[in-house]
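First comes one chain, alone, set out as structure tokens in the form predicted on its own.
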């Protein structure tokens, strides 16, 4: 199949893009990398009146590191992160996640902001950035291009294929904290084969210099399970060797509280988290 007919605009600034998004007489969709939207258009699952291509906006391609972290524009591609064109402040977390996304052709086009806004539970950045404690920087809304607000990544995805964007808003950038030299992290996803969407994702971050211990169980039926204080998974005594104190039973009780009762789903998600913990301990 081919897409239904639509109009196309390629604004050169965020202000121009927001003006187009505020049009109430049209169904408007934003195009970034197009790796998810393109197939949906071809299958006519989405039939916009207007497609707004934001890839020509310099503000959305910036990579600005500082002493506390880095701000990555929403149109930074997975390949930009994988290849080091976007500086890494995470001790390898960002490049490791990026290089495991789909295939190289997809990584060349797919963007970090597009992945987050598509809000697929199986997507890597939804879980990976939540584990890092990243924030979404949102622009627009009632105040126009001067309006700006931030949300933790775990609050940016509010449901399956649903992001926390109000009418007239756009994801402008992602703010990622800088990890300390002592940080330990692990990320693991279980797929049927390389390049496919994950059946389960496990992520863990322990950064004692910043008093951070986070864990994420992703690729669930809805939003990831984000544990902002995951010390209880390690007997309240996390250390550089996380695997030594990891408590599988505590993780299982967490899934009980979150209502994950299917035996297969429980097993595969617990396995993903356990392997993430093992990877963190090997650093």
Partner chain sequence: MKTISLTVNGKAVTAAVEPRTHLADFLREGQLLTGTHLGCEHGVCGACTLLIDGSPARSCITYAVACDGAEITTIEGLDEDATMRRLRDAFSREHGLQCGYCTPGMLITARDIVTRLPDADDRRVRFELSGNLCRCTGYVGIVRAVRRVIEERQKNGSAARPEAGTTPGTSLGPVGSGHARTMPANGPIKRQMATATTTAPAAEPTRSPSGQAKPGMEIRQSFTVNHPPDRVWAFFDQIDQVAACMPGASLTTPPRDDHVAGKIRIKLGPISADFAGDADIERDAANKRGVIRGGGLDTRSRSSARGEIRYALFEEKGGTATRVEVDVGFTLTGPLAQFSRSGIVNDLASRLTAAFAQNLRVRMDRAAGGSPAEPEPSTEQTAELNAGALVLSVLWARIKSLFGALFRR
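Residue numbers count along the first chain shown, from 1. Keep in mind that what you see is a predicted model, and the values were worked out from it rather than measured.
Another form exists, predicted together with the partner chain; not displayed. Remarks below refer to it.
The stretch among 175-183, 161-169, 140-148, 201-209 whose residues place heavy atoms within 4.5 Å of the partner chain in the predicted bound form is 161-169.
Just one of 126, 75, 136, 94 comes within 4.5 Å of the partner chain in the predicted bound form, counting any heavy atom, and that one is 75. Contact between residue 20 and the partner chain in the predicted bound form is found at the 4.5 Å heavy atom cutoff. Among heavy atoms of residue 130, none comes within 4.5 Å of the partner chain in the predicted bound form. Among heavy atoms of residue 257, some come within 4.5 Å of the partner chain in the predicted bound form. Taking the partner from elsewhere, residue 4 is found to have a heavy atom lying within 4.5 Å of the partner chain in the predicted bound form. Contacts with the partner chain in the predicted bound form, taken as any heavy atom within 4.5 Å, map within 222-247 to 222 alone.
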